[in-house]
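We give structure tokens for two forms of one protein chain below, kept apart as structure 1 and structure 2.
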Structure 1
Amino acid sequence: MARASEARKETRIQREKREAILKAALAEFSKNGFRGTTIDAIAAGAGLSKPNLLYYFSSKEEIYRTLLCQLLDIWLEPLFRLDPAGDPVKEITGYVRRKLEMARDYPAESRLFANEILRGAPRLKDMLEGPLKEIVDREAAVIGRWAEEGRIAPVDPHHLIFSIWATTQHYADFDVQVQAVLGPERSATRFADAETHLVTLFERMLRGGEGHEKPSEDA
């Protein structure tokens, strides 16, 4: 199998370079968007010349689409398997925690996705209307069932999911604003504080929120 091992050795080198390119491209695209990113900048970030980069990827578009595909694996696959047999509040707050961890650990990926959606998702629209909608509808049905059974307070499952996405991704996409508003000291603990806050937010939502004395209507 001399030919196979030889081919594999070449492939491994190529893969390493491709990964370096994709890493640099993710940094650029997530910060500057598709059109705002130049091949020169990606090549510089990856330590290659521009024509050399174009030996591995035939165009800027191809690099971008490759990144989007990788991103979807991270975004759709592992996340968000609510166990209908589990404790509803724990299942949902567990999902909140995982989403927040992803905002913390993969901020560039989150911003790349946000960028694409902001622009009207020209390359992702089919995925949103197809696979994503199916997954969300399925999970929303689980949540709706829990509400029907009285195991959580009444809730609009789809909009609950939007709120979870919005609040967690905010810490990746709007990180500059979050840090500016919190100041240097509180920025250090922003993800731990966010976790406490968001778990509380959604726990109270799911438990109904009638525990606190409501102030009288007439001031």
Structure 2
Amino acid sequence: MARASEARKETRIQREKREAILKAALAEFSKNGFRGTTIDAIAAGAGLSKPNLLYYFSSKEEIYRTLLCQLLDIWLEPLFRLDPAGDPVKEITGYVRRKLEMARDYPAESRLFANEILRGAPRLKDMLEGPLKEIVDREAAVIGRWAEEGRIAPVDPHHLIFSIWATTQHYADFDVQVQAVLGPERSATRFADAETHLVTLFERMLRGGEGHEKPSEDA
């Protein structure tokens, strides 16, 4: 049976309260982890009482799972944009750009996801083995066909996707380290510089090592 808060259409105020809860929860979970976060802390961050929060979410587990599922949707959306009929190099480097933008715009969400994975993904494994795997397998098949047709250099599609994830999300998950190494002046342009570097890196690999003075401007 649907809970009372879900059985009827939410009002604007109810939507705003749910969003406030999720925002406060993201801050707490990304800082303290699942075990170190309490319902009381989330409620305080959202400006609500504990009973009021529990009207919208039945438990800390439900809040955490909701955040992770929303993050997966956001994280996978750029992968859907790969156009099988498009130019393969432009499509893939466009994906690199979008993933780097997400690392810049959603750092707390990225760290939350990384922490869950490092713990063995106990609350997300079914999603990883189901919907995520299906989407990645489908898009990997597109990349694999491009390679078979000779439109890009031979490449393992799944490991290419893993490499894109690793190199772009590094700028969210290890941003403190990146800024410490680069220093204040270079940190200010770290995402623009990372884009130039990563797009050039992947372009050269996909074209079989051909050199390019500048990465393509097409996303």
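Here, a residue number simply tells you its place in the sequence of structure 1, counted from 1. Heads up, when I say rigid core I mean the largest set of C-alphas that superpose within 1.5 Å between the two forms. None of these values were measured; they are calculated from a predicted model.
Visitor: Where's the form predicted together with the DNA, in 1 or in 2?
Guide: That would be structure 1.
Visitor: Tell me whether F191 is among the residues that move between the two structures (Cα shift of 2 angstroms or more, core superposed).
Guide: For F191, whose C-alpha is compared between the two structures after core superposition, the shift is less than 2 Å.
Visitor: Once the core is superposed between the two structures, does K60 show a C-alpha displacement of at least 2 Å?
Guide: The answer is yes, as the C-alpha of K60 shifts between the two structures by 2 Å or more after core alignment.
Visitor: Any chance you could measure the C-alpha shift of E16 between the two structures with the core superposed, in Å?
Guide: Displacement of the C-alpha, rigid core superposed: 2.6 Å.
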